[in-house]
Every structure is written in structure tokens, then in C-alpha cells.
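In the block that follows, a single chain appears as C-alpha cells, in the form predicted alone.
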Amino acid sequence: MFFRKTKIKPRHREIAGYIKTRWTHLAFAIVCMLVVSASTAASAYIIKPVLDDVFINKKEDMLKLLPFAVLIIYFLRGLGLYGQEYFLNYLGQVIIRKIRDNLYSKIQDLPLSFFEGEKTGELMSRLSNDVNIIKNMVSTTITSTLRDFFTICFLIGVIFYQIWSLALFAVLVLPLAFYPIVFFGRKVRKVSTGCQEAMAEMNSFAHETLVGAKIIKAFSMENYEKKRFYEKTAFIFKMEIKNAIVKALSSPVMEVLAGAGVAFIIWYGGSRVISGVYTTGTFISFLASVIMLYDPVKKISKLNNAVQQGLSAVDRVYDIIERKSDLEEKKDAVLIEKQSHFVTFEDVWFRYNGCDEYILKKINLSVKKGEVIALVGMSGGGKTSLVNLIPRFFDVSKGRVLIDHIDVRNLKLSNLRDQVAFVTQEPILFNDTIYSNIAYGKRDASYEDVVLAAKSAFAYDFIMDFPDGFDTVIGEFGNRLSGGQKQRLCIARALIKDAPILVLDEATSALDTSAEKIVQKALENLMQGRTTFMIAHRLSTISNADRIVVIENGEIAETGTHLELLEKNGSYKSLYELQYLESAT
């Protein structure tokens, strides 16, 4: 029943495979567990000579010998306990590190569409909370389960050696004792999954509100967010109590069954001692062995609960690891040189997974080498979706995107993305040094390269104003810097990458006029000699573009230069006049 309900899946076999790679540590741990289990059985058996030979028959030679035997037994037991803990914890840490690395690696490899459907806090919970539960299952629970199994085997050997007829009864009770293990184990796994999902939801909420702390305070919403957090912790509390109740129910059932077995043994065995069939030492040793035998059986019930929790966590982790990417790289993918490129969109249609409506429709656009193309239009028109197709953040639904007549789906993904640099509206920086953030686009860049990029991005002066210069740590998301400073570092990062295709996604829209002028100069340096796609709401920033493409409702409405489009009296002119009136007022 247990094995039918707890079906072994390939993901479970994969974890077992990790164990095999460290079989020497497992072998040493098993030897140590055998020593612990044998010493437990020996400590039960030694009660017989202590009572019969020392206390009843009063043999002085045994009085001198047995204390040394007890010392040796417990010394070996101590060594065994240390060895099993060390070797199995080492093994557990190796496995957990491998699982966590695989999970993080998979998350990094998945396309942007995956991140749009997942919460950051949820993913963090799987990396930390769920993996730690698996760690507990591997390094602690399995350790105890194996040790208790060996202890049961040794103790069964002892009781059969001492009084085989009573041992038969004691062993017959064991199958009854395992029933609650199976029954409650299944319930624990179900409840545990709910607990882990609730914990992930709380982590996601906490991450979101901590990142948005500035907005929360600006709108005086602290009490509102506290209330929402309290509701989530209350739900977790409810789930955890339910989990605790299910776990706690298994122990009383086990205690009653064990008590019934021991009570019968005392009644029947005691009568046989009185009638002289068994010696006092033999019976007491037997009784101690039986009591010790039921103890690991009861522990296995609790350990099974932990195993079920661990298997639930394994499922949550491997649901990500086994997730298939909707972006596939062909085995015969080709490479292109890092040089100036032209880009072509051929009858491109695009919609996001799970959506019926197309974001882009009938897009036909050819962009020459070194040409600066400005994409304008109302928000939600599909401008960002269009440029995201170039580096294959998403794949087209119909049609083709070509670089130098080569479909981007035929290119090696890493090689394709080497050809494209991004500067976005929200500057994404890491909690590292200024030097590392600039060199992020080229990890083997020299110091001179980083300095040159900083100067070209007009960032060098403010960098040197910091006491630590390029070694200054900028804080989470670069919170030690102003908006303009952040954007100039992003431009320096794009410069040092030296990609032939450049995407500027509203790179200056969040800046004030003073910062925008400096950043605009840096962008001019960055655009030189590159095929550039500029997305902009401020039409004043794109008047010098070689060509302006107006996108409305996912389709190209107009194309031309700034002056040509004004003369057409179409959508572009309407946008231009609207912004002109707004700036005038």
C-alpha cells in the first residue's frame, strides 16, 4: 500500500543517483550506523549477565569484567554516532548543493515568459525553504531511518536468541505498528504541500513590499500592508497547526500498540519466570530489548512524516528543474561574427503564451547596417515586444526575424545575444562595485577598457568623486546613485559589451532635463556605428533618427523621417502636436 501510494518518480531516482556518486561516504556512514545499532542491541543483551551473574549468582569475576564491556560498548556507540552524523551530513550537503545549483541554473536558463508567470518570492522560497526541507530529509531523516532499521534488525536477533516463542508475538505486532506510519504519512505529505505553498506566497509578498518600501511610505500604507502580511501569517499558522495535528496523531496510536505488546509480554513472561522456565536476567534483558525495539518503530512514524514533507519539497523543486523551455536551440545552430548587421522583420506576428490576441501583426521592416530606427506610438502598442524578438527573449508566433538574412532561430543563442546590447528605462544594476557593474558586459575587460567606457558614458567624473572610485559598492539596485548616474553606468556597460545592435528602450524617459542632456550625449557615443532601435515617448529625443516607425495596435502605421511624417498629417503629427501642447502648457 505504501509503495503504491508513494510512487517512485525519475526525480527521486535522480536524487538517489547523487547519493551513488558519493558511495564511499554512504558506505562509511552505514558502517557507523551498524556499530550504533549493534551497540544498542548489545546494551540490551548485557542486562542478562549483569542480573544473573552479578546480582543473583554474585560472580566477582563478572563484576570486574562487565563494567569494561559496558565502557567499550558505549565508546563504540559514541564513535558510531559521530561518524554517521559526519558522513551523512556531508553527503546531504553535497546533494543539496547539487539540487540548489541545478534549480538556480534552470531558472537562469528559462526564457522571459517563465518569469512573467512566476513571482520572485515564490522562486526564492523554492531555492531556500524547499531545498532546506529536502536537506533535512536527506541528511537527517534518512540517517535516522537507516539507523533505526539496523537497530530493529539487531534487536530482533537478540530477542529471538533469548526467547524465540515470545519474540514471535513481539514481531507479529510490528505490522500493526506500521499501519499508522503509512496512513498518517500520506496525510502529512498533502498538508505539507499546502504549508510550503503558503510559505512561498508569504515570501513573495514580503519581497514585493520590501522592494516597494518607498511607495508604501509615500502613500502611508504601512498599516494596510501589515494587515495583509498578518493575514498571510495567520493562514500559515492555520496550515502548520493542521500539519502538527496530523503528525501528533501518529504517536498516540503507536504508543497504544506498543503498550499492548509490552503488557502482554510482562504478563506472559512474568508467569514463566515465576514458574522457573526463564531466569530473571533473561526475561528482563528480553523485555528491555522489546521496549528498545518498539522505540525505533515509533520514531520511524515521525521520520516518515519528515520524508513525506521532503518528497513534497522535491516535487516543488523539480517542477521547475523539469520545466521545458519554449525556446529551443537547434543542434546545428550557426555562429555569426560580431560586426555591423542589418535586421529584417518578415511578416511577423506575435502573441504571448496563453493569449488569444496578437500583440504584433503583419510587421514588415528592414533596418540597414548602422541605421538608427525610432519606434514611437502609444503605450501598449507593441514597441518593446518587437525589439524583444531580436535577441529571442520571445519567439515569433508567425513570420521571421532575420539578422543578415539568417533566421535568429537558427543562431546559437549565446552568440545571438552577444550581438545585442540593451539600455532600458529602469536601470538594472547589482549590489556590487561600480567596476564590476560596468565590466558585467565583458568579464575579461581590462581596467583601461572600463575607464574608457566610463568616460564615453560621461560617468567617470562622478565615479571619481566617490572615496573608493571604481571600487565603490553601489547598494541594492544601485540605490546609492541618482537616476542619471545609474543610467550612465548602464550605458558604460553597454559600451564595453561593444554589441553591433543596440536597443534603447525609453532610456531617458525617467530622467529630469539636466540628467537627460548628459545621458543623451552618452547615448550618442554609444550609437555610433551601431544598428540602433530607439523606443521613445519624448519625440524630441528622436528627431534626428534616420527613420521613425509609428506602431499602432501592433501594426506599422507610418514610416519616414521626422519632417516627412509631419507632412503626412497622420498619427505621428498627432502625437507630436499633443506633446508640443503639453510642453507649452
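Everything numeric in this text was worked out from a predicted model, so none of it was measured. So that there is no doubt, residue numbering starts at 1 and follows the sequence shown.
Omitted here: the form predicted together with a small molecule. The next part is about that form.
Enquirer: Can you work out whether residue 547 and the small molecule are in contact in the predicted bound form, taking contact to mean some heavy atom pair no more than 4.5 Å apart?
Expert: Output for residue 547 is no: heavy atoms all beyond 4.5 Å of the small molecule.
Enquirer: Does the small molecule get within 4.5 angstroms of any non-hydrogen atom of residue 352 in the predicted bound form?
Expert: The answer is yes: residue 352 has a heavy atom within 4.5 Å of the small molecule.
Enquirer: Can you tell me whether residue 116 touches the small molecule? I mean in the predicted bound form, with a 4.5 angstroms heavy atom cut-off.
Expert: Residue 116 belongs to the contact set for the small molecule.
Enquirer: Taking heavy atoms only, is residue 359 within 4.5 angstroms of the small molecule in the predicted bound form?
Expert: Residue 359 belongs to the contact set for the small molecule.
Enquirer: Using a 4.5 Å heavy atom cut-off, which stretch among 361-369, 478-486, 378-386, 456-464 contacts the small molecule in the predicted bound form?
Expert: Only one stretch passes the 4.5 Å heavy-atom test: 378-386.
Enquirer: Would you kindly say which of 144, 425, 279, 433 lies with a heavy atom within 4.5 Å of the small molecule in the predicted bound form?
Expert: Answer to the contact question: 425.
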